[in-house]
Each structure stands twice: as C-alpha cells, then as structure tokens.
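Presented as structure tokens, the chain that follows is alone, the form predicted alone.
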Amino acid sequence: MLLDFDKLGGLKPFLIGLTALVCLFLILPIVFIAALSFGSSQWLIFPPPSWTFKWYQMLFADPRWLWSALTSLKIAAIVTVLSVILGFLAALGLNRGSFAGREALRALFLTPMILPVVVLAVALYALFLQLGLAGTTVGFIIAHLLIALPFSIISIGNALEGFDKSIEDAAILCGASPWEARIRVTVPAVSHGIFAAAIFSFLASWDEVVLAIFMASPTLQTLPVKIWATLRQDLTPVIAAASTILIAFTILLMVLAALFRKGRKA
C-alpha cells in the first residue's frame, strides 16, 4: 500500500502523538463538564473540592428540566420517524429516477447541511411568524426535520446503491406488488442504512440548539434551549448535570449504532 503505517518510520511517533492530542482535545471538555456536574461547589470550579449527587437531585426534582427533556425526546422521536420515511422515499426517487433536474433536486435536499444554521433559523423564524407556527411543536418538528432529512437521504441512498434491484424485481415476478416488494424485500435489505438514518436524524434534533432557540417560546423549550437559557442567568452546576445527561444519551446512541454495524459485519 502507498501509505503503510508500519513503513512510515520516524513519522509513526509523530502521528501517534498527534492522534492522541486530537483525542484529548475532543474528550477533555466532556470529562471536565462531567466532573463539574459531580462537584460540591455551587460554582463551576475545577477541580471540584469534593463530590456530590446534589445537582442531579436538583435537576430531576425540577419539573421545568424534566419537561424540557421530555419535549426534546418527543420532538426528536417524531422527527426521526418522519425523516426516515421521507428520506427513504426521496432516496428511492433520487437513486432510481431518471427525470430532468434530478441532481439539482438532490442538491436542494442537501442544502441544509451546507447553509449556515443561523441563516436557516432566521428565515424559518420569519416564515413561521407569518404562518403562526413560531413557538409551536409543529414548528419545532418542521425546523428539525429540515436539518435531519439530508442525513436520511444520504444514509439510505448509499444503502440503496449497494442493493441489487433484481432481487426486488424477482419478488414482483413472483406476484408481489411493487410497493409490497419494496417494503418486504428492499427495506430489510437496506435496514443498516435506515438504522443509521434514524440515529443521525434523532441526534440532529436532540442536540440542535440554534434552530431551537428561534423556535422556542416561554412554555415550549427543548433541553439544549433550557441549558442555554439557564446558562445566561446563572452558572449553576445543574447546567453541567443536564449537559452530562445530554452527552451521555448521545454517546449511548452512537455506541448502539456501532454495535449494530459490528453485528451486521459478524
């Protein structure tokens, strides 16, 4: 191979050290925020003078934090289902269609991944004010769906490219309708792409803060918005506890995705 790690000679220690530094750069902030969430000080002081679960008790005892977390879960779950369904249909049309403007339509679907989120948020906020959707659950879902849908189209589209369509055609020849063949043959065959689409769609909604700030209202806030609003008012370690839970849930989903891929390879 052109780049064989065992033949890099003196570059090996440099690359190993560089990789370690990058990993530390990514991991240390997570470790710090988790440590602060268990600190006994009422301020965000590192290292903590002692350890306590007090901030987690306060977090779970406050209905406003619990309501924000449930709101995030509800919106993310709905967005995930819609994103996977619409993403599958869109990927199916983009991968198998032969109509004029197909590549332009593909680029349009992927625009939310390229466009700065704050620009998209301002545009949606202005539109939703006119439509009466600002500060509503429907507005949240539509806004989050816009940024989640590209992940579904890419993940499911890549899975469809590796799928042999002749298997689906064989099912049709055996008496299945076109949509029955797609649901009973194609969907299971590209389940790894659908699972990846679901994970990324959920995380895109679960972690989104910029769009959520514009869509939020005093009575409707997701967990990232609640963290941001509390951070502007008071630097309490409860914020660190909420952030740690947010990060832990994200890591759990990524681990499940990795185990799913590993199981398929096995």
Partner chain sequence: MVLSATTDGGERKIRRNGSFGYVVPALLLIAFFFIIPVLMLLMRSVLEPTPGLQNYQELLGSTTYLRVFLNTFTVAGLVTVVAVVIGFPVAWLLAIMPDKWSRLVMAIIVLSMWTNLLARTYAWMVLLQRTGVVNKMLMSLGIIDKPLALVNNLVGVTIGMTYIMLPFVILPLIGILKAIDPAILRAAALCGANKRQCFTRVLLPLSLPGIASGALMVFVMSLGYYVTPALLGGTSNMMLAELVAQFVQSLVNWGMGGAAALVLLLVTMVLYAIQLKFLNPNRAR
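Only a predicted model underlies this, so the values are computations on that prediction, with no experimental measurement involved. Residue numbers count along the first chain shown, from 1.
Just so it is clear, the following notes concern the form predicted together with the partner chain, a form of the same protein that is not shown.
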query: In the model of the complex, the residue from Met58, Ile45, Ala35, Leu70 that sits within 4.5 Å of the partner chain by heavy atoms; finding: Ile45
query: Leu120, heavy atom within 4.5 angstroms of the partner chain in the model of the complex; finding: yes
query: Exercise: Ala76 in contact with the partner chain in the model of the complex, heavy atom 4.5 Å; finding: no
query: Contact label in the model of the complex: Glu180 to the partner chain, heavy atom within 4.5 Å; finding: no
query: Partner contact for Leu92 in the model of the complex: the partner chain, 4.5 angstroms, heavy atom; finding: yes
query: Heavy atom within 4.5 Å of the partner chain in the model of the complex - qualifying residues of 161 to 177; finding: Lys165, Glu168, Asp169, Ile172, Leu173
